[in-house]
Structures are given as C-alpha cells and as structure tokens.
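The chain below stands alone and is given as structure tokens, in the form predicted alone.
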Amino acid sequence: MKKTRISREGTVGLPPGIHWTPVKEALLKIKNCLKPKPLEKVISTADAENYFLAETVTALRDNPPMTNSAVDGYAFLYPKNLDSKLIEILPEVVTPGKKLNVTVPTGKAVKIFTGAPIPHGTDSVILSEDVPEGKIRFELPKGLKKGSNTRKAGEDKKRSDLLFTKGRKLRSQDLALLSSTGVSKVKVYRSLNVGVLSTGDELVDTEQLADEHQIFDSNRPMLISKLKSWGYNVVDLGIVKDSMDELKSKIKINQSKVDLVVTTGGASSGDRDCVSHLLRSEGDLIVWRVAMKPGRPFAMGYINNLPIYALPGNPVAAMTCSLIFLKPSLDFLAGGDFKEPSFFHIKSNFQKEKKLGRTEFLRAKINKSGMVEIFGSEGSGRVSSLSWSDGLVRLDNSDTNIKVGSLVKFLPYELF
C-alpha cells in the first residue's frame, strides 16, 4: 500500500501546491535553530519560583534535623521486656524549638508536643488521646510498636542528598524542600524578556472606543497573562498597523530590550500579512505554514538574530500555537529542556471524521462521566471556546475516524 506523504505538495486535507510542515518537523526545526545563552544569577530561594536552576542543588542539612514527635503525646522508651508495660508519667513537658538537657529514665514518660525533639532515653510516643487526662501512668496499648509516632532525623532528606538537577524549573513546592534542607539561595538563569505585539489595522485596545469596523485586541491580554504565568517578563509592544515600515521600526527600537518577540496576525501569505513578509524578505524564515488546525499560518524565524514567533491572528489559533511551539521554545532558551506538550489518553465522548495529513487540536473538557467532549464549533475566532475548555484534544496526522469511546490524546491546559 502506498503511504501518504504528509509533508509534500498535494497533501490530503490541505491546500495543494504548498509545502505544509508537519507539527513534529516544525518543533524539531525550531529546537535545532535555537541557541540558548542564559545568564546566571544568585537569588533568594523565596523568590525562585518559575526560574530554571543553573546548577545542581544538594541538601545542606538533614530534614528533619533531629528525631521528633509526629503527634502530641507522651515520649517513652519502648520496653525490652514486654512484661513491663506500665509507664509512669513525669511532670516535665517537652516543647518544640528548645534544646533538650533531659534524659528520661527507663519506665518513665514525659509529655511532648508535635515537632518537639525526642528526649534522650526515649524512642516512641503514645498519642495523648490514648492516655486519659489526669492519669499519672499508662499501660502500653496493644499494637503500639517501637518508634511509633516519631519522625527520624533525615528520614525525608539527608545532608548532601540530591534535591534538583541543573535545568529544573522551580515550583512553589520545590521552594519548601529547598528551605527545609537549609538552602536559602540558589543559582538560577535570568528570566527572559518577551515582547508581545499585535498587528492589524482593525485592532484597538479595550480602553479605547471602538467603531463597528474595529475589533478589540484580545490576543495581547491573553498572551501577556500566559507568559507571566510561565514566569517570563513581558514587554508590551502594543498594536502595530499593517505596515512593513511600522513593524520594522517597532522591532528595531525594542530589539535591545527583549530576548524574543511574539506577534499575532499578519502571519499568512496575503498582501497585508507584514510579519511573514518581513521574515521572508529581510529575515531568516525557519518554519512557515504548518500542517495543523488551527494555526496553519504559524511562522518562526529571525530578524537581526532576534527570534520572532508569528502567531495567527485568530485567538484560538494564537493560543494553540503559543502552547505547542512557544512554551517549549521559551523554556529551552531560559535554561530548561525543549519538551513537547504532555498528554494522557482518555475516551472520547464525540465522533469526528478528520482529513489525513494534518494535526488537529480541538478545544475540549472532561465531562462528568470522565470522558472528553469537544466544543460545538471549530471556528478559531470563537474566543468563548477557550473559556469553555480545559485543554486540547490532539488528533495526529493519521487519525481519520474518531468514534465515541475511542482513546484520544488530551492535553490539559494545566500541564503547560
């Protein structure tokens, strides 16, 4: 059987006479052309969320630093001779944060609070609830084992244990682990400065009064917010009319301020698609015209060594391309890995016949039955579909007939 050649002219499901680059090939081309040159700096651990580590980090102390009580209760030495089960309670109380100078005699117990260090001469803790209030002694209950209700020194991490490797993007929970093991400062890569630019004669900011023939710019607010949530610094470059001169001027003026520019609109092949025209005529065009829906006009290239990511103007296509192409690129340039979007398989609650030769991304969400359903319209101008959805269903080039119950790839927005 003759194989379908999805990256050549005449590809099924795409306009003929044009080379349409498959998504995987586009990702590979982008990765191969990027040259990360991240700068290092040392910052406080408390401020390190969303930064990429510039070095491997190890624990500076044990966590916990000492054996301590996991509960409020009474600390005692577990008897070697189980015939001696009666433990007398002493008046001393052990509280957290204090250095101990007490040794508890065998057969005795002291009151202890959660997090307090286990005193010398003890190795186990009985819950306060298991000792009636006012009692001066207790009997060892059945089922209580030696070492019960204690946390051993270093049971989580020991001094010099590996915490994170170079290139890890730090999350808020990672800061907890770093802090608990005594790491107060970390060496990270400087965050990228990303310029965001919308193009189009019809666009106005939402603060302005718009005539009927004008459209409020929804792409810039969406992308600026998304970039900030990923931990990048944003330089808002505003709106540029469909003018080559104005576009070149805007990029030239801001070239020293940004590490990368993201544009929306003007990425197709029309007479007024200035971004793709500028990349083709005066830049270095790496990727253009991708075999995908939505986002087919996406382009990526360089102008004076500055990476330009030209996203389509329709908001759904712009968001899709930012997730698929922009996110892994930014992470790679910032000192991390170039990772293709993660997904998991889930049963579909829809049926769809799809043409060969292109990858499709459908706005989707998981329903109450645990299956994934898609938005009723595939129009890439339906901004409401982004709010309705929780992620994207990815249908690959060879997928043609999706039935109810078929396993499909689901990419939750949260994974980005």
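For every residue, the number given is its place in the sequence shown, counted from 1. Keep in mind that what you see is a predicted model, and the values were worked out from it rather than measured.
There is another form of this protein, the form predicted in complex with a small molecule, and it is not shown here; the text below is about that form.
Although the small molecule is omitted here, in the predicted complex all of Leu203, Phe216 and Pro315 have a heavy atom within 4.5 Å of it. Only one of Ser276, Thr122, Ser322, Ser198 lies close to the small molecule in the predicted complex, with a heavy atom inside 4.5 Å, and it is Ser198. The stretch from 143 to 151, 89 to 97, 218 to 226, 160 to 168 that comes within 4.5 Å of the small molecule in the predicted complex, counting heavy atoms only, is 218 to 226. Contact between Gly295 and the small molecule in the predicted complex is not found at the 4.5 Å heavy atom cutoff.
Using a 4.5 angstroms limit between non-hydrogen atoms, Gly335 is distant from the small molecule in the predicted complex.
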